[in-house]
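Look below for two forms of one protein chain, each set out as structure tokens: first structure 1, then structure 2.
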Structure 1
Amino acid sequence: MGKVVVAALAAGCTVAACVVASVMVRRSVRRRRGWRRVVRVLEELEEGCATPVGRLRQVVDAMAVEMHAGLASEGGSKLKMLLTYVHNLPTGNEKGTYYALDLGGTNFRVLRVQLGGQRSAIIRHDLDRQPIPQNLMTSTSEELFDFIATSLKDFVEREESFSLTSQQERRELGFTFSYPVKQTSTSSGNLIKWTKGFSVEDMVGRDVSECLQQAISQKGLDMRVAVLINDTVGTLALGHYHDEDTVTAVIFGTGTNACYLERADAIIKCQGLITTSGSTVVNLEWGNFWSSHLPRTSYDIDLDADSPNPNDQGFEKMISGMYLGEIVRRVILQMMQESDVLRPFSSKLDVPFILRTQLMAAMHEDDSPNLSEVARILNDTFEIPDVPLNFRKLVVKICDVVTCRAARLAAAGIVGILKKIGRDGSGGIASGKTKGGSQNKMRRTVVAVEGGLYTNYRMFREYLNEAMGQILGEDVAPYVVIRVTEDGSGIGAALLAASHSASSSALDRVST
């Protein structure tokens, strides 16, 4: 009897062991299948985001074509190609004291810049930052600009009380206004619409410079609004002040935009444009650029559809700091939905824009042996604890793919501008070459760049620089220099006030 019991127990244990082994095998098979699905998501992302040099050159050509079309007629291109009427970029010879007002969010800044008359000789600059009271963001134009003018007057009086020299001439002000404006001259433009939380309804359709000028005059302050610009134009001005070979400027930050110096006679939609220099700065508003050659994935399509502005700002949604972290979040979410590699599922993964690009960059550039920063960010942001090392490596790779595509497309956009103005080396003497003795020499070209995505995100910067070299080729690339500027919206505006202080406002209008 005892032997029977023992045999039965042994048989039961064997069956139990077989069941456990079977369960473990099934789990192992399920994990392997789940992991293969996760890897497949990454492989499909890599394929969809591929940017070989041949494709980048197609994007370059498309950008140049769209620029031509936008200069030919209003509405003829996805690129707005807006005239800024800024025709005198700083030369480095400017002297004196100039002011700038930068209004682009819930704060505004006032600057006082002293110029010494020699290139790069900014003797000093003083700055004051003021928050705009919440109630004024939805009040009237009179109340808003009265507050700004009062703060401006207080700043001027305070700074000039410490100055060793007295103000003998009328003060000149550069006004950076980072909202959609229809520019009508160097120093005037009508507000199209408010963004960034402002809703001062009686301002829409009115000349923003005139509103500011009236408020300044009512305060008894002897100051003229010399120029009205956006931050991209200010970056070009600052770059040109430091280096006269600067012909284009690009912002890579939360958003992105570009501007460049164009021949006045190339702007067909404004025949009769008269400038003192024969050229003018054009604002591309390149965030809205689009081409069938852009490598678009299902994540881009879904992000666009879910955005407040579908079918708009397509280029910006692929390359700017606002969106890169969000694309990465969507890829991680897809991986989680495809498999049970990470369990339990975190509802935080469903929250749009919860992964900021700064955090994405920190994960991408994590060089610790066990990717501890990646683990920390996944835990803090998505509440996913104890992420396995192999999945952390996948997350780094996702960040790499998304950033590499963004940076390489950004580089193609820059070269597209250079191609439009003949600085890419593709067309002989007309393409950035000058005659020097018995042979042609490439002209040096400087691109001014500003914004945290380029300056603070090392991998984005390296991928962009690498792509510039690949697209231009080894013969041309050494002649194209990317130069980082700082505070184009502030110092750049003051420099433009200086360069336009003695210009006739009548010369920068379209002749009728």
Structure 2
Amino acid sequence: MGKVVVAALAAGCTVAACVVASVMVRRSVRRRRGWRRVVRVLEELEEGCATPVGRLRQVVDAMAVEMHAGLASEGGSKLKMLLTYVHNLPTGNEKGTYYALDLGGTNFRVLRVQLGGQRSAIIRHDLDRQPIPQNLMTSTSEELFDFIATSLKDFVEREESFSLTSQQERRELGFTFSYPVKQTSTSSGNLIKWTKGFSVEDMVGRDVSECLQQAISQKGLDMRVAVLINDTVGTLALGHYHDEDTVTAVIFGTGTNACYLERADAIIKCQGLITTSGSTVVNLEWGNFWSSHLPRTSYDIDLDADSPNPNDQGFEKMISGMYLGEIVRRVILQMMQESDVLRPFSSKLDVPFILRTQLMAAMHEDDSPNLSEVARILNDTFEIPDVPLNFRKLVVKICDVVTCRAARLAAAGIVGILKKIGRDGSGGIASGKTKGGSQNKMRRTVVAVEGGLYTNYRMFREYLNEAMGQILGEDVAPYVVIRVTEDGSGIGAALLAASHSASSSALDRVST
């Protein structure tokens, strides 16, 4: 009897052990299969985002071609190539105290800049930075500008209460408004459309300066909107103020864009443009650039389709700070949907834009041996605790692929502009004349850059700089200098307010 019980027990144990073992084997097979799927998602992402130099050169050419098309006719390209009517950049002789208001990405800034009349003599600038309340980004123009004018008035009163000299003349303001605007003069222009999540519908088509000027007057503040500019133009103005070889400026922040100095006679769509300098600043609005050579993945297609502006701002959606974290979230979500390597599934993964690009950068640059920062951010953002180390490594790799593509495409965009203005060295770098008789000596060329994506995200910066070198080649690359202009979009507006209040801008007009 006893033997039978023992035998039955032993048999039972064996069966149980077999069941446990088979469950474990099944689990481990499932885990391995799941892991293989996750790795496949990564490999497909890498293939889809590949940017070999050959492809970058195609993007360079496409950018230059689209620039020509956008200058040839209104609507001739997805690149709007907007006239800014800024024909003269600050000379360095500007003097006095000017204000600037910078409305662009997630923050808005108010500045007071004192200019000493000598190049590099910005005596001081004071700054107030505030986040734009989320509800105002989709409210009415009246509410938005009332809030801005109130903050501006508070700032002016605070600043002037510390100042020893009293304000004698009417205050002059440079207004940096970083959205596509069809300028009608240096100080006025109508909003074409919103980008970067803003959507104050009653503003579209209206004169942006007028809206601000009205709100300022209603607050009883004696101030004139002297110039209305894009942030790229402010950056170019400050870049040029410090270094006359600066010919183009690029923003890599929440959004992305570039402007550059163009010959007035190259702007075919505006034949009558007469400028004292013979050149003028053109705002590309390159966020909307598109080319079949851009490496586009299913994540980009879905992000675009789910966005409030589908088929719009395609280049920006691959490059700028507003979108990079969102692309990474979509890839992680895809991995989770294809396998069960991380269970239970967190519903936070479904929340659009929950992974901000700053956090993505922090994960990408986590150099701790066990990637503890990656684990912390995945837990805080998606509520996924204890992510295993191999998955953390995968997340770092996703960030790397997404940022590398963005930075390399950005570099191709810059070289595209240089190519358009003959500064990419493609005509040779030696001194002397080409067959046609034109000079082809490569000149030192400075690109002014502003924006947190470039200044705060080391890997983005390194990939961009590396790609510039690869596209231009080792003979030409040393002639091209990328220079960060801190707060250029704001200080540049004050500089332009100063130069336009003093300059003989009557000569710079469009003849009809």
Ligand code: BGC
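Throughout, residue numbering runs from 1 along the sequence of structure 1. Here the structure is a predicted model, which is why all the values come from computation and not from measurement. Here, rigid core means the biggest group of C-alpha atoms that superpose within 1.5 Å across both forms.
Of the two forms shown, the form predicted alone is structure 1. Here Arg356 and Glu462 end up in one rigid part once the change between structure 1 and structure 2 is broken into two.
A rotation of 22 degrees carries the smaller rigid part relative to the larger between structure 1 and structure 2, according to C-alpha superpositions. In this core superposition, Val227 moves its Cα by 2.5 Å between structure 1 and structure 2. After superposition on the rigid core, the Cα atom of Leu152 is displaced by 6.2 Å between structure 1 and structure 2.
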